[in-house]
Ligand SMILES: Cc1cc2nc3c(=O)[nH]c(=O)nc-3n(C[C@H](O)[C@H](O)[C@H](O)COP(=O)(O)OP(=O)(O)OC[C@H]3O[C@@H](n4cnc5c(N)ncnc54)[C@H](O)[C@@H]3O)c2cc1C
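Here's a solo chain for you in structure tokens, the form predicted on its own.
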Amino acid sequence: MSETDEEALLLPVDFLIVGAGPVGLVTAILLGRKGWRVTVLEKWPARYPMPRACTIDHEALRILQGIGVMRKHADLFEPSRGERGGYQIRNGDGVLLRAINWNRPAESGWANTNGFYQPDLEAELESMALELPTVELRRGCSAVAIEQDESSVTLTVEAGDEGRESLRGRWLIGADGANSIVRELAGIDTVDTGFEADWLVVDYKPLDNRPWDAFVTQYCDPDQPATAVNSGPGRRRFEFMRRADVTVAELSRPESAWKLMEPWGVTPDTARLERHAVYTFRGRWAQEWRRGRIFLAGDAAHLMPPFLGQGLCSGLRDASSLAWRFSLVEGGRASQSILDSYGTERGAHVREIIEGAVAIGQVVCELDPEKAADRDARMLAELHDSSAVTVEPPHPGLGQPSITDATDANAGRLSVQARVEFDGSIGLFDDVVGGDWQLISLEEVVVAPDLLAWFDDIGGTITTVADFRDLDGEYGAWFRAHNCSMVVSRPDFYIYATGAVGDAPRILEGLRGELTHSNELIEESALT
């Protein structure tokens, strides 16, 4: 067989994605809708039918909104409600120690935090991906080898009775979970926080309508640390830390789950058990998010304890951050150098969240009664301090270097989306106005025709607040709070720059330069 014939058998595509969970599927949809050829490989022959992730934040919902999920399936998500911020930390006697404001106003137009049932979301995402003619999903395929050169990646997979097969793409994205084979084959190491604890996760359907004080409650009981959480419409979850005197096998029994939930009145008479499994909660991240043409996303790149409900949210941010970069690069509208900042932006962002989750985990998992009593006294003093306020969840900015205006304090933070009326339609801004890149200003901006044409070519829209009706006054309030009259935001909803209306030409020129500047070393460094 000639070399040409052999290459033809490899069926090259633009993107190979390993992992058909929400992160891999959203990445495939975002790329597939731009016309790129995508093959998704998944080792399991069918979707996992049980709950896993169960909370999702406003930013992740805006990402799902962007691919059309929220238009038809907003009912899959139940927003956080409840007094004292929706997230409570209580001691073993049930006394409130801290309230975290999960019900704060959110920038993205959706409730700050929401419960959901992952199998339902995955079914919808898979259906949406398979509707795209450029996306292929192949199940029952396990990655066993990866090779790359200056222009492509070859992935060898084991497909059961069909044996081994090699697939070639221009890029490879590993979205294959905490035990990522892509990360292993690429030789990428991880950094571990040292936090580790076994927890029993119990999902159930309530058969009664009892009220709960908060969306999530952490019970810091040294006798038995526990978590209660709303896990989506019609569902609840309990999590119980494994004590040293209990084996994993003992904790995994269904009778253990019922015994642990009984103090809350959750019994076989009041609930139907859906799933119970012991997980090891850890905090770690990849030392590299890119190795040449191989990229990591989701749990393959970072793993965090679930105490802030940010695992899946962070993975969807990865998907969004990668997709717009790849689309510009493959479309010839940007230099490959913009791919270098993916890891620096996302790495620092997710590390702050992991460290926050680990910090809460250390509070919740304290088993020493004396240390727990000292913790309770300290947290109660803070709670009863008249100057104290409800704690905010972490919402960090992007790490550096990043594709943002480094001179702007607002850059790298989330931009705003709210309800508007525009051209006879009422809805959230992304739905009724749109734009991958958005320039929104309080007054009309004047931009040179060539710059305007370039911005339009990369999917940019320019909108003046006077062009639409700000139904809830959110845009006026946002501009006042950020001390600016114009904002340019990226396709992943992070601010590139803010400023005065007259700054628009300078900012757009800066963006054009940042996206298109040449980097003669990029092809060489991509392989190092």
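Not measured: the values here are computed from a predicted model. The numbering used is simple: start at 1 and walk along the sequence shown.
From this point on, the text means the form predicted in complex with the named molecule, which you will not see here.
Undergrad: Using a 4.5 Å heavy atom cut-off, which residue among 43, 37, 482, 33 comes into contact with the named molecule in the predicted bound form?
TA: For this set of options, the contacting one is 43.
Undergrad: Which residue, 365, 353, 328, 141, has a heavy atom that falls within 4.5 Å of the named molecule in the predicted bound form?
TA: Spelling it out, the residue with a heavy atom inside the cut-off is 141.
Undergrad: In the predicted bound form, does residue 181 come within 4.5 Å of the named molecule, counting heavy atoms only?
TA: Residue-level check for residue 181: yes, a contact with the named molecule.
Undergrad: Can you tell me whether residue 281 touches the named molecule? I mean in the predicted bound form, with a 4.5 angstroms heavy atom cut-off.
TA: Yes, residue 281 is a contact residue.
Undergrad: Within 4.5 Å, heavy atoms only: does residue 319 come near the named molecule in the predicted bound form?
TA: Residue 319: no contact with the named molecule in the predicted bound form.
Undergrad: Evaluate residue 175 for contact with the named molecule in the predicted bound form, applying a 4.5 angstroms cut-off between non-hydrogen atoms, and reply yes or no.
TA: Yes - in the predicted bound form, heavy atoms of residue 175 and the named molecule come within 4.5 Å of each other.
Undergrad: Want to guess which of 237-245, 219-227, 283-291, 436-444 is within 4.5 Å of the named molecule in the predicted bound form, heavy atoms only?
TA: After filtering at 4.5 Å, what remains is 237-245.
Undergrad: Pull the contact list for 303-323: residues with a heavy atom within 4.5 Å of the named molecule in the predicted bound form, in sequence order.
TA: If the 4.5 Å heavy-atom criterion is applied to the named molecule in the predicted bound form, 303-323 yields 306, 309, 310, 311, 312, 313.
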